[in-house]
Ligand code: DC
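In the block that follows, a single chain appears as structure tokens, in the form predicted alone.
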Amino acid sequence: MTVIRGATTIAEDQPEEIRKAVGELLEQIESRNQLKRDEILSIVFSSTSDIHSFYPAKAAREAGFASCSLFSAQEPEIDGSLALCIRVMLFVEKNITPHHVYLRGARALRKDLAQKFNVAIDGPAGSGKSTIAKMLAHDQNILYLDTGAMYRACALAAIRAGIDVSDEAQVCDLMRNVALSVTYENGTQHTLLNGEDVSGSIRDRDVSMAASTISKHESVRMKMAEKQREIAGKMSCVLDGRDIGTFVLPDADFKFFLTASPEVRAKRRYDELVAKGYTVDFEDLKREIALRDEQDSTRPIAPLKKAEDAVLIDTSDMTIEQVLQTIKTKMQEKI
């Protein structure tokens, strides 16, 4: 007989949170250990004293684990223990080398996983990397660093100063005096340009195109990369961009490169802008994305490029949830 251990955390004590977390944890254990349902003899759960709304064992039954015995217990209240945590032990009738699975905030329970780690997610415009990066950071209880916002802030500074973003000499002079910082409030990143919160202003379409152009300049990339490395060196975080895995954090623990067809990426951006109330022409948007692809992939300094050790994921026919699950599975396989 083999005993396989695992643990996960939930964001709040709600039945749906517990159902989702338990189902995900058991499916990961099942997949990583190549188990069949009828090979599981019993599953024993324990949950921290701050979880009351739903029994993990009942969540397991609802997730389809019906052929084995199930048991839930509540742990005593212990000062300093991991909050909102569900632990599990699976008793399996065959003898195998167990692959224990620790997800979300429960990664801290594993000594070999308690260290700081960084995730690099690269890809072209509209590939979904920013959305996925934010969701992954939330799921893993770590920081999301929006690197694109930093380049957009540089572009906004140039626009406000009346500088041609393609003029490297002018941009270089500007960067010497630009004060750019990133703060976090309630888990949300705020980008500050010379002390002003420009988080909303940098999302304008003209700023987006200017950001692609200004990011080609060495003075800009070096300053931004230095700032990004500084933040990533202090804490676990997810970074998304076009050169994270190849240039900014070549030693990132996990690397992914997301892509999709140009038509799909244009449609995603079109829907996003329309939802925000903008009037846009789809064909114009396709041309803009093609231009950004060309600019980003041909720039001489840190171009858009898949790192050799990055996992390639084509998101064209995938939902956001499917992409996120694929990334989480790949991360777990590497642990």
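These figures come from a predicted structure and were not determined experimentally. Just count from 1 along the sequence shown to find any residue number.
The discussion below concerns the form predicted together with ligand DC, not included here.
Student: So which of 119, 211, 258, 171 reaches within 4.5 angstroms of ligand DC in the predicted bound form, heavy atom to heavy atom?
Tutor: Among 119, 211, 258, 171, a heavy atom within 4.5 Å of ligand DC in the predicted bound form occurs only for 211.
Student: Give a yes or no on whether each residue among 147, 221 and 244 has a heavy atom within 4.5 Å of ligand DC in the predicted bound form.
Tutor: Looking in the predicted bound form, the three residues 147, 221 and 244 all sit within 4.5 Å of ligand DC (heavy atoms).
Student: Among 87-95, 191-199, 132-140, 213-221, which stretch sits within 4.5 Å of ligand DC in the predicted bound form, heavy atoms only?
Tutor: In the other structure, the partner sits against 213-221.
Student: With the partner left out of view, is residue 292 within 4.5 angstroms of ligand DC in the predicted bound form by any non-hydrogen atom?
Tutor: Taking the distances in the predicted bound form, the answer for residue 292 is yes, it comes within 4.5 Å of ligand DC.
Student: Does the 4.5 Å heavy atom contact test between residue 286 and ligand DC in the predicted bound form come out positive?
Tutor: No.
Student: Though only this chain appears here, would residue 104 touch ligand DC in the predicted bound form if you measure heavy atom gaps against 4.5 Å?
Tutor: Contact check for residue 104: no, nothing within 4.5 Å of ligand DC in the predicted bound form.
Student: So in the predicted bound form, is ligand DC close enough to residue 160 to count as touching (4.5 Å, heavy atoms)?
Tutor: Output for residue 160 is no: heavy atoms all beyond 4.5 Å of ligand DC.
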